[in-house]
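Next up: a single chain in structure tokens, the form predicted on its own.
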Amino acid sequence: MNYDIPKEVKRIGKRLNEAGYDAHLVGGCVRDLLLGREPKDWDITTNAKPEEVQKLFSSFAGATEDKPATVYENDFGTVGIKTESEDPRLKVVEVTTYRIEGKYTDKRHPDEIKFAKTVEEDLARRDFTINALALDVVGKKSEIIDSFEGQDDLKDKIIRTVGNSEERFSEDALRLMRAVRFAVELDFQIEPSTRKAIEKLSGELEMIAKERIRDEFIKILNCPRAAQGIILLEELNLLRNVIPELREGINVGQNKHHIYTVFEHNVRALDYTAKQNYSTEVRLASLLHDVGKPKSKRGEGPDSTFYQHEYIGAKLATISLDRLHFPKEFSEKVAHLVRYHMFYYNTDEVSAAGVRRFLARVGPESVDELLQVREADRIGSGVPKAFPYKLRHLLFMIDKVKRDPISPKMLAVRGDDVMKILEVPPGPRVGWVLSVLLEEVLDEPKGNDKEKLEERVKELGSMSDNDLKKLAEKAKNRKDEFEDGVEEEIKEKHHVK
């Protein structure tokens, strides 16, 4: 059988062969070729030692002394070969010496690496049978090297460890999550003895660096079957070491407006965003949007309430993402979407000024993703229509007011102008004045006139610190109509005055 192997990879394999060394494609790229999928990366394994590989490719692809073609910065026998390819998957092809590994004291890295003599020895150290496959790079031998029946498992859609499952997972506890990731990525089932070993050793995931757990978790989230991944993590006792806050919603019933438990609703919301191929941030925000409900729940049955669960949820989302060492900007964005997912909009009740305040509060750059979270929330509740007329009308209103001033930067006067007019140095008074001006301009955009605002600055400047501060705080803390509506709607639903 002929396989579509890139010319850059074949060139590397050919050079190894011409120097008398083996060159086999190995792992995920072989698996993907057999499944008819496009490999995400290309890995070669060889009996050449790292220093031999470096020497052999010292002049590869136009390399110079200042710009070498190889990168060797690890202890695992892997040399990166720069190919000058335009394809990001092929810019650097990794060539790794056959190896066998010692004990894994830290449950992640082998205590020692020993080079092996054959590709079969190398395959024996790998995690799952479907990844323990090798193929001659240049195609001299078209048959797959398969010592562990990986091709049968591919046909049967099975995730099975190489050798003893408990030993494989004890060597590297991250494999516990990798099993789940491969299952959802490929739509495979985890073989019973492998599954049993995961459940038994699930606690060892605690020993893995949070960044590595995060990376596998992101890959699961970005699968089309992300929701099944979350369910599988829970079934295998792994979710408690990923996002334990999410588990608090298990078996937590909601009120008469919901047919699913909090956990089921969150997972269904994620499922919608995965099917729509929304961003990772939106997927996570949808998964966590109601994570604050268990702590905010009051009462039981059809009239139970979850007041301010969005505030609690935003805090819990921040805690969980910080624990997994997500970048700060990423965590803040997800928490922001969770915090504002409860916005209320009724075409007959919310004015243009309310829409401007909404934009000022959530940020124009977050509107599209916030609406996507709202879609997910609706579909996750069992509502058949993701984007009703109300939300389409909101988009119309946003488009209508998007050129109006909604932030201090858009005011016709700036902080420097305030300091000059009032003859004051930088300080709280400047901020207080700008807060009042913005609130007034949100009500009436036509008031964003430099001369008018300068006169208003003078008026505000005549006020005492105490009075000006109070006026500024009133402006800054004024609830926009969207949030007022949420509270009124909830009160009406539960017959509360």
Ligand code: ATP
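Note that residue numbering follows the sequence shown and begins at 1. Everything numeric in this text was worked out from a predicted model, so none of it was measured.
Although it is not shown, the form predicted in complex with adenosine-5'-triphosphate (ATP) is what the next lines describe.
125 is the sole member of 125, 361, 325, 393 with a non-hydrogen atom lying within 4.5 angstroms of adenosine-5'-triphosphate (ATP) in the predicted bound form.
Though adenosine-5'-triphosphate (ATP) is absent from this view, in the predicted bound form it lies within 4.5 Å of a heavy atom of just one residue from 40, 446, 470, 450, which is 40. Exactly one of the stretches 52-60, 28-36, 450-458, 433-441 approaches adenosine-5'-triphosphate (ATP) in the predicted bound form with heavy atoms within 4.5 Å, and it is 28-36. By the criterion of a heavy atom within 4.5 Å, residue 340 is excluded from the residues contacting adenosine-5'-triphosphate (ATP) in the predicted bound form. adenosine-5'-triphosphate (ATP) in the predicted bound form is not approached by residue 357, whose heavy atoms all lie more than 4.5 angstroms from it. A residue is said to contact a partner when one of its heavy atoms sits within 4.5 Å of a partner heavy atom; residue 331 fails this definition for adenosine-5'-triphosphate (ATP) in the predicted bound form, lying far away.
Remark: residue 369 does not count among the residues lining adenosine-5'-triphosphate (ATP) in the predicted bound form, judged by a heavy atom distance of 4.5 Å or less. The three residues 248, 260 and 297 each lack any heavy atom within 4.5 Å of adenosine-5'-triphosphate (ATP) in the predicted bound form.
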